[in-house]
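Here we start with a single chain on its own, the form predicted alone, put down as structure tokens.
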């Protein structure tokens, strides 16, 4: 038996779970927003499934439930810096977003650096928050060591997600968000829970041999998408989203946590770009020219990334979010027990 919730009702329920677990009024609503967005858009690997991991990380003392992020008032030109103060990344991003948008509109390009944060969510909510202001966006961050480099046999890189968004006035933005591993770690965990084998080429076991067993994969290492190409992009993210911003790389994040069962601690890099500023003085409108390209893609019968997610969002907005009986029971248990539930 399933239950359907209006989006606002589910948002209030998830927020209440986080407040019950001791997160403050800054952390809890921001986390709830990204989790409910995952369920709303049928991205269940980043929906309520993530709540238990958040609570485990709080209970282990690896993230501050009472953190209040701090925005550096001075900044450095086009760089906006937010210290998450040991809390989660979502409230830190929300704090810095208005200044990021203002700087990008003024300068054409601005970057937000989030330091000392714990990250557990998808990146597309942040990308879309920027495209909503008519700006293009690129967001990236490391994770914890769980991916073997191409040709390697042990975990070293993170799943290292990369997301991009292009605004489309009057339409859903062009957005992609993917891990640089073959699949997100959450997808492997969902296969484990369902007792389903993994597709071939996703992972290796602790001895470095190919495996379709999700348990062996979680004990071993995931593989980068596209072989050496994904490995190179994952390494680039370690450099830009770790070393360059003075924060943890994926091996350092794993050392800090001591386990892969908790949400990783590191930093995040967010870029916002103004198409009008970059195209100034050149012929044509950048948004109209982009539409010509995107329309040519769909005219061939190809699907733009995130189109299924936007369709799921429209259904949820019209009909609500439907959860399974097991999901409802999970929410009830978490609200009743708080941190004692994990």
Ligand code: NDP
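Keep in mind the model is a prediction, meaning the values are calculated, not measured. Residue numbers count along the first chain shown, from 1.
Unshown form predicted together with the ligand; subsequent notes refer to it.
K.L.:
Please identify, from 232-240, 107-115, 76-84, 134-142, the stretch that has a heavy atom within 4.5 Å of the ligand in the predicted bound form.
P.N.:
So the stretch in question is 134-142.
K.L.:
Could you spot which one of 94, 205, 187, 128 gets a heavy atom to within 4.5 Å of the ligand in the predicted bound form?
P.N.:
Contact check passes for 187.
K.L.:
Of the residues 173, 161, 224, 155, which one places a heavy atom within 4.5 Å of the ligand in the predicted bound form?
P.N.:
Comparing distances to the ligand in the predicted bound form, the residue within 4.5 Å is 161.
K.L.:
Closest heavy atom of residue 247 to the ligand in the predicted bound form, within 4.5 Å or not?
P.N.:
The answer is no: residue 247 has no heavy atom within 4.5 Å of the ligand.
K.L.:
Does any part of residue 253 reach within 4.5 Å of the ligand in the predicted bound form? Heavy atoms only, please.
P.N.:
Output for residue 253 is no: heavy atoms all beyond 4.5 Å of the ligand.
K.L.:
Answer with yes or no whether residue 303 is in contact with the ligand in the predicted bound form, where contact means some heavy atom within 4.5 Å.
P.N.:
Yes, contact at 4.5 Å.
K.L.:
Mark residue 265 yes when one of its heavy atoms lies within 4.5 Å of a heavy atom of the ligand in the predicted bound form, and no otherwise.
P.N.:
No - in the predicted bound form, heavy atoms of residue 265 and the ligand never come within 4.5 Å of each other.
K.L.:
Quick one: which residues from 116-140 get a non-hydrogen atom within 4.5 Å of the ligand in the predicted bound form?
P.N.:
Residues within 4.5 Å: 119, 120, 121, 122, 123, 124.
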